[in-house]
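This document opens with one chain alone, in structure tokens, the form predicted on its own.
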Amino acid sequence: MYIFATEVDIHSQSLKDWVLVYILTGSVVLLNLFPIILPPKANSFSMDSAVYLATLFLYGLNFALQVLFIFSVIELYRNQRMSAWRHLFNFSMYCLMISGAYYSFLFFNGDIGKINVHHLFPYLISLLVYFSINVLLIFLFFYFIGQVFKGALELGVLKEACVGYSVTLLLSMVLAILLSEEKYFGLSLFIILVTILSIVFRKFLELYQLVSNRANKDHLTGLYNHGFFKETLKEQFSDCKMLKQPLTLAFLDLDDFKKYNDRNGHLQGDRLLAFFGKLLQKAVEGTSFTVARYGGEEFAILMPNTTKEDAYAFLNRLRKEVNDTYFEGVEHIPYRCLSFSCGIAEMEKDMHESDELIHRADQALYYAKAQGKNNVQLYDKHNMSLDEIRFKQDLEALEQQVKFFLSKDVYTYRHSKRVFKYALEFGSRLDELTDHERQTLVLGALIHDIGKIEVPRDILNKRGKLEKHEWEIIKKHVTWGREIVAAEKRFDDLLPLVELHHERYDGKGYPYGLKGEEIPKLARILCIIDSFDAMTTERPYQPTKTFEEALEEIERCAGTQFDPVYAAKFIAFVRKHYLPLAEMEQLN
């Protein structure tokens, strides 16, 4: 406002000057009615800067600011939906940009009033200043309203902006030449050409949007697809982490969809998915939420600037609305209504990757289904522990797998059962473990050697020392075991125990040579238990240690092979609960 008040002089202007000012203002209004629309949604590019710069080069700062002022007044009345302070911000920003371009033009010996094509340097500098002030002010604007202006952060977007401003410079010079040669006809010609250009760009954008939608949308539900959702999640995770704003993710799974499909057929099942997709789309209308079909009957809602408590209220309300919404055939599934289970997780300070948020939301969803479906669960690491029923189901499933050893390698079967027993008893005495960690340790102990199923029988049962190549095959059992366990997603928590229980604390283990606390805590504990049982179990042609000798060996290797803290605790556990029994057996 200060610049405008000090630079504009309307008293010395002739009627002819006023006519020119109004015509130039009308041109700016017209160009703003036909902006060039750019992706993503709500972005556009107006050529009005070309008019301001051309006016600046030919008639000076006074004229350019007058055109800007009259246009801003018209825009204030035309676009009343935009708040007054935003109008004022735009006006102030353009004042600074035009003034900066003007003074830099003069500083580098630019000549106001005619276009000197043999001395383009001042034009380039003035445009550079115009562009830099624009980017800086927009960046500050987004920063203060708590958003990210990616144009100033992403090289690709910045390059596109540079190209756009280069076009603006060229057009401003074209307009200036037209104005200096054929004032009103030149201006009319310019406006017609730019308007046609805007219409052509709009058509191209519509085609682009059509192709983009086909690539990013799920054809059945019309929601965003898995790939688009993952990319959006990464971007918003990064933005919210930078701005320290909440970001919440919800996974929704249609309850008993398989049963619905089996009874009503796949075509009707597809109709149900499309119907549910529309319900979700309608529910997020008017919000900044992104809803996508994550896969199968699973959906995801990404909620920026939303806490998990607000997300819970929103999704629980939606769940009740869905329960009350009838769809043909739902009366034959267990809940006799349309329902979904939902898991919610909020981004936390210790998260570094968006995949961690996905994992927690997925765990919360699994927990919601385990609680009987048709409910919404917030992620809470203490609540995510396996309940007794699920633990027993998992235990039975893993025992069935371990029983395969009975026919192939009875030693591994018995070893697995003993390690399981030690883990159960030792884990229950480790106060620092959560219930979930104790159960994970127990299940992992039972299944930790499952990869040996892939080892040839003659190597497994060989009596005598293994050859080097045979030993290399044995070492692969941890990788094979991981592949076997990974086949069922619900056992994902057991993967580190199966794969890493032969890593050593000093980094000399396998398969990766992890060191110290790089090795997951439960894998370090399992390594001690596994080694203790291997040392104390009788096998033909292999030396067997007594409990006392094995404990001395663990004590000797604490800090090299074993985690010293858990080695000491395990030694104390065995001394207290097993050595007295062993001594009694010896006496008998």
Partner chain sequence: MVYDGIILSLLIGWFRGGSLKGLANMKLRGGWLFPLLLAVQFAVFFLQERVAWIAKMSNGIFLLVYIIGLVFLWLNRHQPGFPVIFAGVLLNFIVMALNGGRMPVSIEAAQFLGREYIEALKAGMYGKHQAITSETLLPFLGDIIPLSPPYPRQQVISIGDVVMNVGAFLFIQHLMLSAPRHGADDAENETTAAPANQ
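Numbering follows the first chain given and starts at 1. Only a predicted model underlies this, so the values are computations on that prediction, with no experimental measurement involved.
One more form of this protein, predicted in complex with its partner chain, exists but is not displayed; see below.
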*Within 4.5 Å of its partner chain in the model of the complex: all of 167, 524 and 530, by heavy atom?*
no
_Can you pick out, from 330, 171, 291, 273, the residue that has a heavy atom within 4.5 Å of its partner chain in the model of the complex?_
273
*Among the candidate residues 256, 362, 394, 297, which is the single one with a non-hydrogen atom no more than 4.5 Å from its partner chain in the model of the complex?*
297
*Is there a heavy atom of residue 266 lying 4.5 Å or less from a heavy atom of its partner chain in the model of the complex?*
yes
*Could you confirm whether residue 16 comes within 4.5 Å of its partner chain in the model of the complex, counting heavy atoms only?*
yes
_Contact test in the model of the complex: residue 124 vs its partner chain, heavy atoms, 4.5 Å_ = no
*With the cut-off set at 4.5 Å between non-hydrogen atoms, does residue 457 touch its partner chain in the model of the complex?*
no
*Which one of these stretches, 394 to 402, 256 to 264, 423 to 431, 90 to 98, sits within 4.5 Å of its partner chain in the model of the complex when only heavy atoms are counted?*
256 to 264
*Taking only heavy atoms into account, state which residues of 99 to 136 are within 4.5 Å of its partner chain in the model of the complex, ordered by sequence.*
none
